[in-house]
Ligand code: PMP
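Just one chain follows, in the form predicted on its own, and it is written as C-alpha cells.
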C-alpha cells in the first residue's frame, strides 16, 4: 500500500497567495485577495502583553495543551462551562488532532460543501474518506439535514461543520443546526465544529453549536484568535471537547506539535479580557466592506453578486465563462487581481474573493474585475472572446 502522504495535495489557497506575493515582489502591481487574513492591527493590549512577556523572559515551553490561566480565560470568554479546553498553535492543529484521534482507515467524515480546502486532506491523512455533500446556490449553500442524512453509511464516524462557512459566507441558523444535532444523535456521530468566523456575522446573532447542550457529549468545537483579534501569524487556537476525546487529543498534540507559543498565550490572555467593542468594530468594518464591494461589482452582465451573511468572502459564479481555474489565471495575468478558484473548495464554477483589504484596494480590484469580465469575455457566447 502506498504511504498516505502521497495522496495529499498542497493547499491551493496558500499556493496562490505565494504566487501572487512573488509577482508583487518582482514588480507587478498585484491585488492579492486570496488569503483569509484580517488586515487590521491586533489590539494594542496584545502587543503590550508580548512586550512584557519578552522582558520577563517568558520564552520557554508551556504545557502541551496550554497554560491553565489561558484555558480559564478562553472558557470564560467563550462561555464553555462543560468539556475540557485545549490550546494549540492555531485552529488547524486542533482540527487535525480531532480528526486523527476519531478516525482511521475505512471511516468516513461528512463535509458539507463547498468546504475549506484543508478539510478533505486532513481526513485523507488519517486514511479515512471525505464525503462531500454539496450545497447549492438555491438554498444559499446551506446543506439541509435530509441531504446529509442520505450520505451516512455504516462507516460514517463524524461530521465536520464550518459555520460561518469558508468559502461561501453562508451561516447556519438555529433550525439548520438543530437538524444536524439530531442526525448526529440518531446515528451516533461526532460533531467537529470550526467556528473561527463566528465574529463575522452581519445580519443576525451567531448561534454556536455549543448552545445545544444535548450535543456537547459528542462535540469538538474549535475557534481561534486569528480572525477575531487579527492574530493570524501568532497561531493561537482553542477547542473544547468531551474529556475522553480531549485526553486523546492532548496526547496527540504533545507528540505532533509540542506546545503553543508562550508569547502568543500572553497576547491571548490580554485580548480575551477585552470588552466586546473590539470585535463589534471589526464586524462593522467588514460589513461595510462587503456592502460597498457588492455594489461596486453589481450590474456586470452574467454575474449575480449576493451579500453573504457571514465570514469575509464573496463567492462569485463564473460557470458561464471558462473554468474557474482558467478564470483566475487569466485575471491575475491580465489585471493583476488574485482570486481563489472554487475547485479548491470542492465546488468548480465559482471563485472566492477575500475582502480582507482596505476598501480603497477592494474598490480598485472591483474596477479591474469589471474591466476584465466586460472586456475579455463575450456575453453572447459565454466563452473567452
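What you see is a predicted model; the values in this text were computed from it and never measured. Numbering follows the first chain given and starts at 1.
Although not depicted, the form predicted in complex with the ligand is the subject of the following passage.
Looking at the ligand in the predicted bound form, residues 91, 226 and 235 each place a heavy atom within 4.5 Å of it. For the chain shown alone, residue 95 is a contact residue for the ligand in the predicted bound form, at least one non-hydrogen atom being within 4.5 angstroms. Proximity of residue 168 to the ligand in the predicted bound form: non-hydrogen atoms within 4.5 Å are absent; the residue sits far from the partner. Shown alone here, residue 162 lies within 4.5 Å of the ligand in the predicted bound form, counting heavy atoms only. Mapping the unseen interface onto this chain, residue 184 falls outside it, with no heavy atom inside 4.5 Å of the ligand in the predicted bound form.
Out of the listed residues 315, 119, 286, 190, 119 is the one that sits within 4.5 Å of the ligand in the predicted bound form by at least one heavy atom.
Note on the partner interface in the predicted bound form: the residue among 197, 141, 210, 202 having a heavy atom within 4.5 angstroms of the ligand is 197. Here the chain stands by itself, but in the predicted bound form one stretch of 144-152, 227-235, 264-272, 249-257, 227-235, has heavy atoms within 4.5 Å of the ligand.
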